[in-house]
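One chain comes next, on its own, written out as structure tokens in the form predicted on its own.
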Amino acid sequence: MHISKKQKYILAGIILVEIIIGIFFIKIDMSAIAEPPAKLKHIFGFAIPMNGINISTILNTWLIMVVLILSSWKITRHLTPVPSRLQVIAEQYVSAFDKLCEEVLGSGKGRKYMPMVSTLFIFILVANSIGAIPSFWHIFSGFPSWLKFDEPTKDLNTTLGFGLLCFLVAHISGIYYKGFKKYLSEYFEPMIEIGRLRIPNLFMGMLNIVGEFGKTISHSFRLFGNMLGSAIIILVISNLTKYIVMPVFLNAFFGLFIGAIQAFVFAMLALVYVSVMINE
């Protein structure tokens, strides 16, 4: 794609501003990683379980949803036979995930799960990358510290929500395609055979049930651990180098590069879990 000289100057100016902000204004507070700076602990006088809700996570999650919804509406509002650049990008994105889902699940089933898998990827990608955007209002005093762009995926509640979504979709799909009897019997295989009598293997059943919950936990903790680990690495390197290595560049590396990999891994694991549950 050709970039004009004017666009190059604009891009260079943005990078220069980010470097200046990163050197002189952005400081990473360990307390923001270990414990959220602001939590909502009561609603209408009732205490919220699990020590409250992280306000920054909620705000950033809703911000990402609004941006993605408006972007989708903007791209699909005027589809034309001769596509614009945005339409080409959107079509290539949808086609890539449609092909991937059909290769894993088959031509008859892949398209049904393509919207979920592609949405998971783009949402987690943006969620992982949003922390790379400098919080310009931190330059001025008087603004609360939780009003900043922060990765919702650093919050375990977010990743557990994604994991539970994948868990429910996979198991409901398994019941739908296999029938409840066959779906349930697979947990107790291999059966104990006494003559013609086949008895469910309760030991294997317990192991399989624990294993299914373990998949959900590991699926969620993988994303959470990588994003929280990235934030800690940024903190440690920035303090060791006295901010000679700019947090902006570290955020860009972990948010864009590592964040894209983790988003793809999460989406592919969700697709594989569905494939395991619905295939014979």
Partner chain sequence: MIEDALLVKELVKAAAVLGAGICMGFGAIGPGIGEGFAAGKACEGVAREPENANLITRTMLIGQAVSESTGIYSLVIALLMLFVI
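Please read these numbers as outputs of a predicted model, since none were measured by experiment. Positions refer to the first chain, counted from 1.
Separately, the form predicted in complex with the partner chain exists; it is not shown, and the next lines address it.
Note on contacts: among Val82, Val88, Ile194, Val210, the single residue with a heavy atom within 4.5 Å of the partner chain in the predicted complex is Val210. Taking a 4.5 Å heavy atom cutoff to the partner chain in the predicted complex, the contact residue among Ile75, Val104, Leu120, Met114 is Val104. Not displayed here, the partner chain is kept clear of Leu256 by more than 4.5 Å at the level of heavy atoms in the predicted complex. Judged against the partner chain in the predicted complex with a 4.5 angstroms heavy atom cut-off, the residues Gly214, Ser275 and Asn279 are in contact without exception. Annotated contact segment (heavy atom within 4.5 Å of the partner chain in the predicted complex): 96 to 104, selected among 122 to 130, 161 to 169, 194 to 202, 96 to 104.
Applying a 4.5 Å heavy atom cutoff to the partner chain in the predicted complex picks out no residue from 155 to 184.
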